[in-house]
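First come two forms of one protein chain, each written alone as structure tokens, so that there is a structure 1 and a structure 2.
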Structure 1
């Protein structure tokens, strides 16, 4: 079994290399980039683009050829594409993600500033989904075809049919806007203004964050709510029909013990293996949800980077997300072995 996981780790290296190479080629060939951004900035500034010196080149809309050459050299755009990828790969091995062509800041510093937001929202949505959906699915299985099962199914699938960003807009309208509903929650952001936030105590900061996070986390949870609930219910119902459960009832064991100790242990195997995806929650940010709540997370940053062709940010996010996803898949296989001893990888 351990040889299998060793091979999986070794296979993750070429997978990461190939995926980054494909995206690198696509991004490099796409229109736009630092040179076009400099030309646009020169046009907006009235055509005075003499940052790099040299004569003004009217064919380049007021940006001198010397400035364009300097920009290309700075971002390695004057090199063949395979050389660019090789140089970029060497920097990544040193955890050097380069400098943003749009913001002029180190990419790693920009990513670090958004890690906390994405991690906190992702983890809260992940754990709350499991804490709510598992008990709900168990109760639905016990009350199968009852009034509770029917009523909760209507609500679950109604929520599943609503996109997270649409739910966010409705929630803001009715629970954060005094013009339409109740002003119970903030309209935007993940915390109060810096001046107010820094004056709060530790407990006050936690409460302030929770107050801001309730609606965004609810929007994050909406997509997986129905899937986890129905998966829990169906898995438990399947196990309740197995011979070992009937044998436990025949021995006179209490219903609660049979369900919780025997049936639930096997029913949670499909759900427990999903814990492997927890490593990719650092980039769980959704641009649409973050734009609705005006949260500067990883989703918003990635979208802006793609629109502005900020290659270093795009590639930095890709490397981190791909590495975490590959590692999460390996952890998922490990969890399969832990929760189900019958599984043996060879």
Structure 2
């Protein structure tokens, strides 16, 4: 088994290499970056325009060849793409993501700060949804085709049919908008303004965070609510039909014990392995939810970076999410081994 994981890790290296290469190419070759825009603007005169770019300021033709070269040199654009990728990759390995062109700060420092916000929200949502969906799924399985099952199915269908961020917007209108509905929750952000927040006690800070986090976390939870509940239910239902359950019943064990101790343990395996993707899941939906709730998290940073053409941030976020999802794949397999000893990887 350990040799399997050793190989998995070794395989992850080329995978990471190639997927960052794709990412690198996408960002570098997609028209409209700040450098591309500057260079293109000057090149238009020379008739060498790289077609397809966004808004090109025709008036800016007067950029001299020397300054183009300076720009290119500054951004390493005078080198062929593989050299650029090599240099960039070397920097990335040292966690040097460069400097944000908009904020002038190192990208890594910015990401670290934002990551905390996103991950705290994401983890909260993740664990809360597990805490709600697993019991719900179990009850649905036990009461299969009963009233409770049908009633909660309505919730599940509804939850699947509305994206979490859209629901968040609706909740924001009803429960946070001062102009319409109740002003129960703050309209945006994840904490009160720094001046206010500083003054609060630890408990107060916690409450302040909770107050701000309820709606966004609810939106996060809705995103996985239906899937998790149905997964739990189906996997328990499947296990309840297995021979070992029959055996347990035949031994005369009470139903409660059969379900809780025998069947449930096995039915939670597919759910437990989902924990592997916890980090990449945390990032996946955050662009939308953070933009709805105006939370200055990683997703928001990434979103704004695209709009502002802040390439270093964009690349940084892409690399981190790529690495996280790759890492998540491996962790998922490890968890499989831990939770389900029947599985033997070779």
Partner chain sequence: MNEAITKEDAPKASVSVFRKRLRKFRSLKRGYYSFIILVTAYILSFFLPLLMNNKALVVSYDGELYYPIATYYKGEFFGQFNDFSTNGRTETNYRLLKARFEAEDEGNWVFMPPLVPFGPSETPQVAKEKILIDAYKAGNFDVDSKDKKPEKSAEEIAKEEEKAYSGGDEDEDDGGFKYDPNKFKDDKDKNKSGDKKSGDDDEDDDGYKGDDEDDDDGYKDEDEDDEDDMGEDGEDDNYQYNPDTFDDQKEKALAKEKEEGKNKSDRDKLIAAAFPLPPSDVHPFGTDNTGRDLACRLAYGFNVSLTFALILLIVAYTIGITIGSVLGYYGGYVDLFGQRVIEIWQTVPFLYTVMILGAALQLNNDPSKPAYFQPSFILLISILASFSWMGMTYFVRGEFLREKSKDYVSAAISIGTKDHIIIFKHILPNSLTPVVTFAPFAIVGNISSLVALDYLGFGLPVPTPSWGELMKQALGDLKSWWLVSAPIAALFVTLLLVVFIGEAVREAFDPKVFSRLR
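Treat the numbers as computed from the prediction; the structure is a model and nothing was measured. Numbering follows the first chain given and starts at 1. What we label the rigid core is the largest C-alpha set whose atoms superpose within 1.5 Å from one form to the other.
Q: Compare the two displayed forms of this chain and pick out the form predicted together with the partner chain.
A: Number 2 is right.
(Q) Rigid core superposed, I'd like the Cα shift of residue 307 between structures 1 and 2 in Å. (A) Once the two forms are fitted on their core, the shift reads 2.7 Å.
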